[in-house]
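Quick heads-up: it's one chain on its own, the form predicted alone, in structure tokens.
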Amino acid sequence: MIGFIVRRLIGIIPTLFFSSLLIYSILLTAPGGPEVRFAQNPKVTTAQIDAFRARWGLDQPIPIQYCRWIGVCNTRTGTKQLADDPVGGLASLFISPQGVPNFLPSGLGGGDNGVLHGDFGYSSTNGQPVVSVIGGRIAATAILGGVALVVWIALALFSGVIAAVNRYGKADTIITIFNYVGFSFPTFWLGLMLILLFAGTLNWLPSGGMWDVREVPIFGTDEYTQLLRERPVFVLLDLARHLVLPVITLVFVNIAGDSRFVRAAMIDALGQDYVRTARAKGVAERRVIVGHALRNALLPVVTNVALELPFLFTGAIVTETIFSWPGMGRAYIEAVSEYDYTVLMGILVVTALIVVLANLLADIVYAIVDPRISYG
């Protein structure tokens, strides 16, 4: 197992490289660029736009821009040096100030710029490091996605097992109707209806946000942490109230797929010889369902959940936007509207990393769930 994990981790490197190349290429095909925001401002001159492009390195050839963003090339070799001495300038582009290849870790004398060194650049909107922008949003998304995932999986397993055990019965019919109704609801419509009902008409829950701005400091600040230490119950209850509607939206719309997966896998497992043998031996029905059938039915579910983890990491973009949840999904929408390409690329690269790690986690869980699977 250890050898398999090491091989997969090594295989992640070329996967992420080609993913970053694809991400960069796709964003290049998008109309305009970070300077498009100034297009409708008559007070911004062409010279100022050119200065903006030069400041952010947008006036350089595309391969050099990508090379510097990924961290293989340094940022100290200027355009003038490349123009005056193309051969020497190009050679120095790949060398760090310490005289070693720039892509090596900074601890070995390599560079300190680029994705390889944990530097995703700076936001062209506010000048903050992209790492700080993502870091300030990731906790909020982790809370929303984590709670939704737990509820999501628990309800999917429970409803799928009940539907399979009572195949074509009343419980199966009710669950199937519920799943199809939930699956047919557009996320934005369901979110707005929940806000209208529970926040507008009944006034039971907040319509959006992550905290009560009148009584709770901004999430992630020192003041918020201090209040959490002093009044943990109050802060957690406030957070729970703000979680209810976005979690319901995420779960209700997306539970149908996993529930149907569990139902189909359980029906197949319940028809296997080992289940009939267990029943013939007098094993309790609950143990047959949970200990024998469910464990073998989990494999397709694990695959599906692994593919859904990146979706939850990005914060379910529509859900976070509707409920003004300050997470990764909302940051992505803000970056799109502001043409903040560096933030977009940072979020997409981190999402790609989550995808490959989630698939690795799924392979590991396979071996835990099914002892027949071995990675020698």
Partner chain sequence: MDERKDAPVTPAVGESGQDAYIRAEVEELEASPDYDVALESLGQWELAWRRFRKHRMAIVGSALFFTMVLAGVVGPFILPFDLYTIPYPDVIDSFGRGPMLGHPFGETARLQWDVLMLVVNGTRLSLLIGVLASIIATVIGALVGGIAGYFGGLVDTILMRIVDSLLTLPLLFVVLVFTKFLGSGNWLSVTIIFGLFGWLGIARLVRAILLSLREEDYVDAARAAGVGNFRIIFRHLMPNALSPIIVATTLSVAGVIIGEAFVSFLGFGVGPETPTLGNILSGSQDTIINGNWWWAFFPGAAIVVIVLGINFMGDGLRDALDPRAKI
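Everything numeric here is computed off the predicted structure, so don't read it as measured data. Residue numbers count along the first chain shown, from 1.
The form predicted in complex with its partner chain exists for this protein as well; it is not shown, and the discussion that follows is about that form.
Using a 4.5 angstroms heavy atom cutoff to its partner chain in the model of the complex, all of Phe18, Thr29 and Val355 count as contacting. Scanning Gly169, Gly127, Gly200, Gly135 against its partner chain in the model of the complex with a 4.5 Å heavy atom cut-off leaves one residue, Gly200.
Contact with its partner chain in the model of the complex, judged by any heavy atom within 4.5 Å, is made by just one of Thr225, Ser207, Thr75, Thr303: Ser207.
Comparing 119-127, 231-239, 215-223, 178-186 against its partner chain in the model of the complex, the single stretch with non-hydrogen atoms within 4.5 angstroms of it is 178-186. Shown alone here, Leu344 lies within 4.5 Å of its partner chain in the model of the complex, counting heavy atoms only. Under a 4.5 angstroms non-hydrogen atom cutoff, its partner chain in the model of the complex lacks Ile70 among its neighbouring residues. At the 4.5 Å threshold, heavy atoms of Ser337 reach its partner chain in the model of the complex.
With a 4.5 Å cutoff on heavy atoms, Leu9 does not count as touching its partner chain in the model of the complex; it lies far away.
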